[in-house]
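Coming up is one lone chain in structure tokens, specifically the form predicted on its own.
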């Protein structure tokens, strides 16, 4: 028997650490005992409504004790929590709930309710329920939870994680990169419905007996800086776009005190080197950028404290293996762009009820990530774009990230995404979509073209600069370049 909820909670309770803080929510503290009892009430509430082992329980909940308790309570009884974004339109909920076959949806009254399954407010779920529950005898290989891939290229797929794999991100990234201890206070801007956020705010800190800060509302850059100033976290997690926006807020005069933070960690997409360098110059703190995926379970490649190389995803975290391979399956040479495959103990079992997609991605223990990478002689891996985002210009492959990093050297640029656009003659050329600061000069487009002329060979230079108010993104903050290609 191995039950993920038991693995995360029971050791602390049995060792007499139940009174230690587990979560902080807007000034209120919940201890390990508090959250364990609340999870037991959620488990009993689900059972009372007919939920049994193997049933899927959809969560449409903000980052909150309700999310944590429902997630852990479902695990306790062998049910499978399905974590759904709280930022979706009704039709997308309908697709995800139909795809997962959720028996019930647990929600917050403030969250969308136009969903195609019975919906229970969390307060109603736990009302009157007792605080003792028998743990279902799940096996290590049993499905534990489902998280949907972020859908950067189309419909999201349900990624099925096993009970035994849920503690591996703590044992690997948590140990070797963040170096989490029970004295840490953790704050993650990425939400718990997102694989990165679920690990940052729940799976990893609970494993180590640390405390996590939960913010129910999606934090603005200013709000994130305010939470850091008030709660004084020691570990901070965000996506590259979030770091860029917080940096812009600080540069525009927002109060920014990061003196309590000992580690800044990034993932979700590649962190451009100019953002890292400006962040370090402003705050004296490096950002440990890495790469992972919902399918891998967490970050598997990362920069490490004291050996950060800006512009790279870093090196393999102990416990993982990686290959960069050509289309014919042979290993790419150092510096040669190839497809990234990863193997490790945190990887998912399969896609939910999608055998063809499972066979494409999960290959004899390896996860085909869909990311294009190079590896240098020191083992540092550098992201070159998604397989379907790479630009074919003048017969040569161009990484959009390389061009975007040049655009971001101009401090008037907040965000940038580069795609290919065909001219009237059918020949593709790069176009840069730019989100500018409010005080950006009218000459920004010309300035960026001049910068590209200095820094890039002619075939990599954008032929057009288009200023936009925002870039299309998934609910987890990843840029949807396929939507830009359609403009």
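Numbering follows the first chain given and starts at 1. This structure is a prediction, so every number in the text was calculated from the model and none was measured.
Keep in mind that the form predicted in complex with a small molecule is not shown, yet the notes after this line are about it.
- Interface residue remark: residue 371 is counted as part of the site for the small molecule in the model of the complex, having a heavy atom within 4.5 Å.
- By the criterion of a heavy atom within 4.5 Å, residue 397 is counted among the residues contacting the small molecule in the model of the complex.
- In the model of the complex, residue 268 approaches the small molecule with a heavy atom inside 4.5 Å.
- The closest non-hydrogen atom of residue 295 lies within 4.5 Å of the small molecule in the model of the complex.
- Proximity to the small molecule in the model of the complex, taken as a non-hydrogen atom within 4.5 angstroms, holds for one residue of 178, 188, 346, 195, which is 195.
- This chain is displayed alone, yet in the model of the complex one of 386, 232, 164, 323 has a heavy atom within 4.5 Å of the small molecule; that residue is 386.
- This chain is displayed without the small molecule, yet in the model of the complex the stretch 295-303 from 295-303, 247-255, 403-411, 73-81 comes within 4.5 Å of it by heavy atoms.
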